[in-house]
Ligand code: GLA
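Taking the form predicted on its own, here's one chain by itself in structure tokens.
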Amino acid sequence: MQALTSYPHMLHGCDYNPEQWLNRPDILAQDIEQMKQANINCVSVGIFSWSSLEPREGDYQLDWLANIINKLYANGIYTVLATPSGAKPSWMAKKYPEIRRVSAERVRDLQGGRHNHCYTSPVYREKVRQINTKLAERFADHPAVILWHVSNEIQGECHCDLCQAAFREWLKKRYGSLDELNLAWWTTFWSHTYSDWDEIESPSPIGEPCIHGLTLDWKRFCTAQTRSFFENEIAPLKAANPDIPVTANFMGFYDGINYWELAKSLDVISWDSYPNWHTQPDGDETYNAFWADAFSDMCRSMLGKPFLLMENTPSQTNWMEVCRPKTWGFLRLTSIANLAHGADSIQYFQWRQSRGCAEKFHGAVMTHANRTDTRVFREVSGVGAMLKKLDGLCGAKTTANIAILYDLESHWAVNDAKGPRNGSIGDNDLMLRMYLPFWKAGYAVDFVNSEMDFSGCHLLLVPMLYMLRADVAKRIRDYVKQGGTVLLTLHTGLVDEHDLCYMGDTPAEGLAELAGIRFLETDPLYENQHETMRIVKAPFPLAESYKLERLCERVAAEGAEVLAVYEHDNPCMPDDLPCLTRSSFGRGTAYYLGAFAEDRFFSDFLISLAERLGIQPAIDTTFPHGVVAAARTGADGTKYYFVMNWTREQKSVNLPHPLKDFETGKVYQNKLPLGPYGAKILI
């Protein structure tokens, strides 16, 4: 399924801010010709244009925008039309102070910056509805408009009186009575029982920070309120033309709201990719690359179809501590990597550098010099030329037989748990540590949340599912019983959906029985401490031992086969406590890892497990360090292979079968050479 069925082509575009240049018609005239030279076929317009679209209340000035869209379309450039709600105009903030956010310290913001509006305010919702209605009436049937870009990098929360009242109403619907709420939040602790709904306030550093059920429900409410605001925003757009899809650009592993919930209101997932490139003296970009590719895979997984790369920089990112530009040829590499992991677009922030304010030195296709003979312009043009040849890739599928269960609500809860480690529990690190070996070896990975179906995957990984719902536990048990293979890990199944500890053996809700183990205690380690896991029965080739860090669980084997034990220097600690176990359950198998193991263990164990399960990588070969591969299959059955070198060293890959360079037609029989930061698309 394509990201955009209305425009079945790979998108090559950028954020375009013509309102900054309305007093420079010469610049605007140049833009279109230069975009054509850069092989740009779409632009995002209107993202922060509210004060130009409505300079005074009720005075809508849309002609300039229509003129821009018409001229772009006449030159073959389509429009991703944004709604301007991410940055409210100053006149509105002054006239309607209730729309300005209130912080957790209960201080109302001044006007300034962006993303500083209240999602609850009826006034702001109505103002957004009005401006979006005007935009929809004018442009919803314009042939140039192929996508609504709703707001921009939605984020943040508000603690004003309106939000407090809405939070209480949300809680009433969730719990029905104060008795149920007090029980779910365990408020008898420290005598914090609520006797009236009006006593409930959102978490605050100057108020209540210690009721974990309150903190968890506040985050859920903020997600629900953000999604409600979003639904209000898109209603006039969909009413005018339901066929134009809507998107909202995500920000990597941002956890302020639950993107999985917001995705339910989207037609297309998009995200803004800004890894901190070029920080290592040896030029090895492997870590940054795998982090970015992991979130790309998550975006692809959320709706089960390709996503759009809405923003990346063609050169430097101006808000990094050190703002290094992408080095020679690196833009092509990152572009191909995004395509490899499911992107149907390569888009930049931004087309032209601003002359002033916060992003005047952020990278852009056109710099202040206003020249097209720059390295960046040539490289952008080259990416566009490549994308023109790749229409067959548009909508191409990624087939993954491996799934990682990622539950953001569990992430919220475990990082607020007050023990066994505070500030560095590392649940996301564990997730990425489990993803890394598959990425290096070229295996496709899907991400699923607790609501999604994972029954079709061959291997399910469950990294630190601290908060476990009974229905999720049942689905995991059923999955294994019917023949699936699962790897459960430490710190799983300790609390329910209210962040209340389970009474009885854990992992709870039958997962202890599934794994054939029983949790005893957790031993958290300091940053400079390590323990050792010794393999006593290898199910496939493994090293003799592996280093452990952060958390070590002591468990008892109750039916499980012990594959590895802890090995201690401490004479007071027994050496035979299980660390890695295997248990048969129905027709399937459950592994349990009780410690935070080093990368080498996950590489050895998970790749061997995948091979045993018959899961195939994109290219069945051994890759040198820093070289990775991925694959997508087009609608016509063509399989596209992507091979990327994330080092600045010359590399070579042994090919198991001949592959042809998609761009040059050259056939590689046995070896594929890759230059520094080189990348190739093969068929």
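Don't overthink the numbering: it's just position in the shown sequence, from 1. Note that the structure is predicted; figures quoted are calculated from it, not measured.
Below, we refer to the form predicted in complex with the named molecule, which is not included among the displayed structures.
Residue (of Arg101, Lys71, Arg114, His458) lying close to the named molecule in the predicted bound form, criterion heavy atoms within 4.5 Å: That would be Arg114.
Contact assignment for the named molecule in the predicted bound form, among Asp109, Glu567, Asp267, Asp272, heavy atom within 4.5 Å: Result of the distance check: Asp272.
Proximity of Trp319 to the named molecule in the predicted bound form, heavy atoms at 4.5 Å: Trp319: yes, in contact with the named molecule in the predicted bound form.
Partner contact for Phe454 in the predicted bound form: the named molecule, 4.5 angstroms, heavy atom: Outside the cut-off, so no.
is_contact(His362, the named molecule) in the predicted bound form, heavy atom dist at most 4.5 Å: Contact with the named molecule, yes.
Non-hydrogen atom contact Ser583 with the named molecule in the predicted bound form at 4.5 angstroms: Ser583: no, not in contact with the named molecule in the predicted bound form.
Which of 289-297, 123-131, 309-317, 177-185 sits within 4.5 Å of the named molecule in the predicted bound form, heavy atom basis: Of the stretches listed, the one contacting the partner is 309-317.
Within 4.5 Å of the named molecule in the predicted bound form: residues from 339-356 (heavy atom criterion): Just Phe349.
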